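Below, in structure tokens: the form predicted alone, a single chain.
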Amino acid sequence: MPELAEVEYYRKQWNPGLGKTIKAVRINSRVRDFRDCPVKEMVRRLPGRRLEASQAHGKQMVFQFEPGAWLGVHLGMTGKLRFSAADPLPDPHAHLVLALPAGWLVFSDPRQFGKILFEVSVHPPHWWTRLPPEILSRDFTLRRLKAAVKRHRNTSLKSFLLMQRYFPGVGNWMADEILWRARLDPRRTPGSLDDGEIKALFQRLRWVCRQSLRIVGDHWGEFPESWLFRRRWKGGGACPKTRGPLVREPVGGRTTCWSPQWQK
């Protein structure tokens, strides 16, 4: 599933549409991506509006059209955004296509776990304004992290980091990278952390998010060899720090990679 940095990258793929007016909307309304979307209203009211701005927040995106319309996008597991200079149809997975004066903005999703939302309003919709603070924002503080630790003392650290109401945008690989850099075993519980470990977790959370956005968010670059990310995808990998073997086992129901010698 796309995580914070991948979502930012895909958001920027619709940048060619900024300042352009939508000429027409084509959708495949039979797919699950539109389960909470007023499809008929979107098809009727989006043409003639100009794409003015976009923003990513964790795993969510919103595209603002003038006058007053908001298009929400969640990529799910296989969703992608792209700009196409040629008509993207008959791509069977292009479920939403916005026609521009020259080109098309395309949302495709083979497995249909994504979600499209739409609302006409002069104010941002509630499904956007009620999202939790972003990890790199001023509102995401060490105090906030400590409060979350107190509420979920007995879950695994891996499951804890995947809670989107506290850590929007963090997914499976990011959680593994954060815990590896904080030297925390993913099977431990938040309640077992001392103040120094909570501070290390806070610092590594922000560092991994910032660096991921820098490396992937702009141009889908490659992570350095010093990252766990480069070793975690298959068995037989070695820890970039100790060169010892990595473990890949389910923790909290998710395949998890860690270094027992490093994350004690």
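These numbers come from a predicted model, not from an experiment. Residue numbers here begin at 1 and follow the sequence given.
Just so you know, the form predicted together with the DNA exists too; it's not on screen, but the next bit is about it.
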- With the DNA left out of view, choose which of 121, 137, 129, 154 has a non-hydrogen atom within 4.5 angstroms of it in the predicted complex. 154
- Item | Heavy atom within 4.5 Å of the DNA in the predicted complex - the one residue of 21, 255, 242, 13 that qualifies | 255
- Given the DNA in the predicted complex, answer whether the residues 3, 32 and 164 all have a heavy atom inside 4.5 Å of it. yes
- Any non-hydrogen atom of residue 82 within 4.5 angstroms of the DNA in the predicted complex: no
- Item | Interface membership of residue 102, the DNA in the predicted complex, 4.5 Å heavy atom rule | no
- Is residue 146 close enough to touch the DNA in the predicted complex, meaning at least one heavy atom pair within 4.5 Å? no
- Message: Given that the DNA is not shown alongside this chain, does residue 107 nevertheless sit within 4.5 Å of it in the predicted complex, heavy atom to heavy atom?
- Response: no
- Query: Thinking of the DNA in the predicted complex, which stretch from 178-186, 138-146, 71-79, 121-129 has heavy atoms inside 4.5 Å of it?
  - Reply: 71-79
- Applying a 4.5 angstroms cut-off on non-hydrogen atoms, the residues of 86-113 near the DNA in the predicted complex are 93, 110, 111, 112, 113
